[in-house]
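Heads up, the chain below is alone and in the form predicted alone; it's given as structure tokens.
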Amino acid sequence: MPVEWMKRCEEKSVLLLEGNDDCNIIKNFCKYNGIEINFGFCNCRNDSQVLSKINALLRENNQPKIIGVILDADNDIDERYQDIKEKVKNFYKLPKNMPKDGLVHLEKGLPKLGIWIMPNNQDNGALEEFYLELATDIDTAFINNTIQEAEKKELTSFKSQHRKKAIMHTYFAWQDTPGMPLHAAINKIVLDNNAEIAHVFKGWLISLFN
């Protein structure tokens, strides 16, 4: 079950996320980048529930002032953005294409709406790609080669779109302690907060919530 800080879904400023790991990674990002957390984290548990929650919040009589949404692109960034547009079409007229720096959208009489599609609003992928862009001590090429050797021996069964997830969890499996939950393991990784993607994401959060 989500801890209490991940269940603040009725705040006046709220950030909707897909799961526990997403909440922890974004919270840590804010901490290490000096971003004030003046919004509630809402763990929706999966992508479809994030979309449902957006719609539910917009239909409430007492709407939030700000709604932030972070979703993985997965296999199709354009399809993901269209999913969001379809869900809010009765409320907002969003741009045709997803802005590369994240969307912050204002319409009179409606909550300020922010959308970030992981990893970078342009490419297919997920939170893992975003995180691996910031990690300075994960040798992704070496780990990927190791995974390829496992694939040759038919020891793997993960889907192709989950390769970066496999890389990340392989790395953590080699650390002390193997099997540590992702939200705990990520605290041991050195992140490059000067990376371009970090600056862009930080700018989106600040523009949305401050």
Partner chain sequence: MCNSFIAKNFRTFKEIKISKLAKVNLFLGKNSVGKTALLEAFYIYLHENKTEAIYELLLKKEEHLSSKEDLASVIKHLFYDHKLPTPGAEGILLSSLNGKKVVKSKSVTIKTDTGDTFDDFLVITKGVKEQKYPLVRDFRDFYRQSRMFEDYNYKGNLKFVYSMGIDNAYITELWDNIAFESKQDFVIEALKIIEKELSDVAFIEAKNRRDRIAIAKVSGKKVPFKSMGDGINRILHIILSMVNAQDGYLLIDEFENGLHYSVQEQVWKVIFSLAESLNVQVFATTHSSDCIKAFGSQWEGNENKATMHRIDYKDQQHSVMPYDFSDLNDALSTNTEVR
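Everything quoted here is computed from the prediction, not taken from an experiment. Positions refer to the first chain, counted from 1.
The form predicted together with the partner chain exists for this protein as well; it is not shown, and the discussion that follows is about that form.
Out of Asn144, Gln175, Asn55, Asn33, which one falls within 4.5 Å of the partner chain in the predicted complex, going by heavy atoms?
By the 4.5 Å heavy-atom cutoff, the listed residue in contact is Asn55.
I'd like to know if Glu151 sits close to the partner chain in the predicted complex, meaning any non-hydrogen atom pair within 4.5 angstroms.
Output for Glu151 is no: heavy atoms all beyond 4.5 Å of the partner chain.
Answer with yes or no whether Ser160 is in contact with the partner chain in the predicted complex, where contact means some heavy atom within 4.5 Å.
Contact with the partner chain, no.
Contact between Phe91 and the partner chain in the predicted complex at 4.5 Å, heavy atoms?
Heavy-atom contact with the partner chain at 4.5 Å: present for Phe91.
Using a 4.5 angstroms cut-off on non-hydrogen atoms, would Lys87 count as touching the partner chain in the predicted complex?
Because a heavy atom of Lys87 falls inside 4.5 Å of the partner chain in the predicted complex, the answer is yes.
Heavy atoms within 4.5 Å of the partner chain in the predicted complex: which stretch in 25-33, 152-160, 165-173, 57-65 meets that?
So the stretch in question is 57-65.
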